[in-house]
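For reference, the chain that follows is the form predicted alone, supplied as structure tokens.
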């Protein structure tokens, strides 16, 4: 969609609330639905309006901008032992009623053939309101100023003839959502994001090295004020210098050494080898055909040693600023901080109200959908590794012979989220408690069930890095969602490391 097309879309027309221009429209649609609500045991209506705007400058040239907008509804109906849902972009009275009727038809099918009784999940009655705190809104800066910022980042990246490709981008995303239910639920949430990033590629002969950053890994909720917090411009020249330096660096050695992972690599390590294995729908087998299963079983909760005593992991959608900071999940379960792993012992899975009822295990407020045309399923929210004590230098000082790795480049993990292999963009040798020279193409491998037990050091609160993953995928059909992660740098003992080769 072009910028002029977006301006013509009728539902984008703003009212007085510039930070949430579609909420009044959603409220009007909800009122229409309530006046013609289906006769059934319970129902919910989830309305979602989403807008995106992506700007990019590559090698000093402004790329075509990308603008997206979406508006629709998901109706869920419970009748007897069955529940069904149906999505529609036809938000007229007739369209909403037709969606409700389709949902009821599916509820009757599910009552006959489903794996569980829908009455396991009582209808929610949560009333809540949440808006991302924004200091400097996306709309507050004109387009010319944003493009000038991207050009400045391009100039900071283009520092040497060995730099072969470079780019910088800014993406804005706003999600406005209204959830109402027959039991009295009414949850209004407005999530605002500005995602910046830079990328640079250096080449010499057969050797090519890439670095990216400036907020490219994850990001935060909020507005343009986060550009400074994420180091958008500040990172650019450093990353270009590192890409050039890596061209002449030796390959990462292949042996068994101590390993320090920086926060942006820790985010993916947590995501893949703690987050996904603890998703309750995986543990129940729901995701077996697509996203996979888990090496974790229901019997492990309460006593299984997942990691060393330094491992403490929480699920906390109440933290301000992280990617999934909300008042409630997409089924209306109120957000709450929960400890998943305490002193290394597994306590609680990641699962919404229905999975909790089916499994008999406690869970989290974490049923989320990628949009109005997808049902909520068990997802990670803000999944964080709690900080310990000390600085990065303190961690390095504990290592006689090791490697520090920074910024993910590749990953592979089996479908039970146990055996994994990660590649990073930058490595640095550690010898006798001191950081030494760079090594290129660093990687490491291990087993989730053993790796976390080798955790020997966790940085303090001042070393905490906040980011996440913007493309976590699961569900059939696929749902890609944001996931927040925060972690300090961490030290692991005796890990298999390797170089990637040219």
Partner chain sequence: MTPEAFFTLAERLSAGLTGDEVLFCNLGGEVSDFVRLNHNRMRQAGNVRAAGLTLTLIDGARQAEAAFDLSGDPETDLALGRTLIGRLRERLAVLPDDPYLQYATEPSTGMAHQEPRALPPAEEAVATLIEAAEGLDLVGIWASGLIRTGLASSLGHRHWHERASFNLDWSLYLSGDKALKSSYSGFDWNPDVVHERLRTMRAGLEILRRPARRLDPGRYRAYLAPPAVEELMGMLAWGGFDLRDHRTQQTPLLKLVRGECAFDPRITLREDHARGLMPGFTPEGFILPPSVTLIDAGAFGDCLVDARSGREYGEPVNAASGSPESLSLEPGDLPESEVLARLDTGLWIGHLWYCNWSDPNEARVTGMTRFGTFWVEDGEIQCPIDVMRFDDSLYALLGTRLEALTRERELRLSPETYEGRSSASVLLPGVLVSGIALTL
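Numbering follows the first chain given and starts at 1. Just so it is clear, the model here is predicted, and its values are computed rather than measured.
The form predicted in complex with the partner chain exists for this protein as well; it is not shown, and the discussion that follows is about that form.
**Q** So which of 222 to 230, 237 to 245, 70 to 78, 179 to 187 is the stretch with heavy atoms within 4.5 Å of the partner chain in the predicted complex?
**A** Flagged stretch: 70 to 78.
**Q** Check for me: heavy atom within 4.5 Å of the partner chain in the predicted complex, for each of 66, 165 and 476, yes or no.
**A** Judged in the predicted complex, 66, 165 and 476 all sit within 4.5 Å of the partner chain.
**Q** Out of 160, 129, 415, 136, which one falls within 4.5 Å of the partner chain in the predicted complex, going by heavy atoms?
**A** By the 4.5 Å criterion, the partner-contacting residue is 415.
**Q** Hey, in the predicted complex, is residue 205 touching the partner chain, heavy atoms inside 4.5 Å?
**A** Residue 205 belongs to the contact set for the partner chain.
**Q** Evaluate residue 90 for contact with the partner chain in the predicted complex, applying a 4.5 angstroms cut-off between non-hydrogen atoms, and reply yes or no.
**A** It does: once the partner chain is placed as it appears in the predicted complex, residue 90 has a heavy atom within 4.5 Å of it.
**Q** In the predicted complex, does residue 480 come within 4.5 Å of the partner chain, counting heavy atoms only?
**A** Yes - in the predicted complex, heavy atoms of residue 480 and the partner chain come within 4.5 Å of each other.
**Q** Answer yes if any heavy atom of residue 446 is within 4.5 Å of a heavy atom of the partner chain in the predicted complex; otherwise answer no.
**A** Yes, residue 446 lies within 4.5 Å of the partner chain in the predicted complex.
**Q** Though the partner is not shown here, which residues of 277 to 295 have a heavy atom within 4.5 Å of the partner chain in the predicted complex?
**A** Contacts from 277 to 295: 284, 285, 286, 287, 288, 289, 290, 291, 292, 293.
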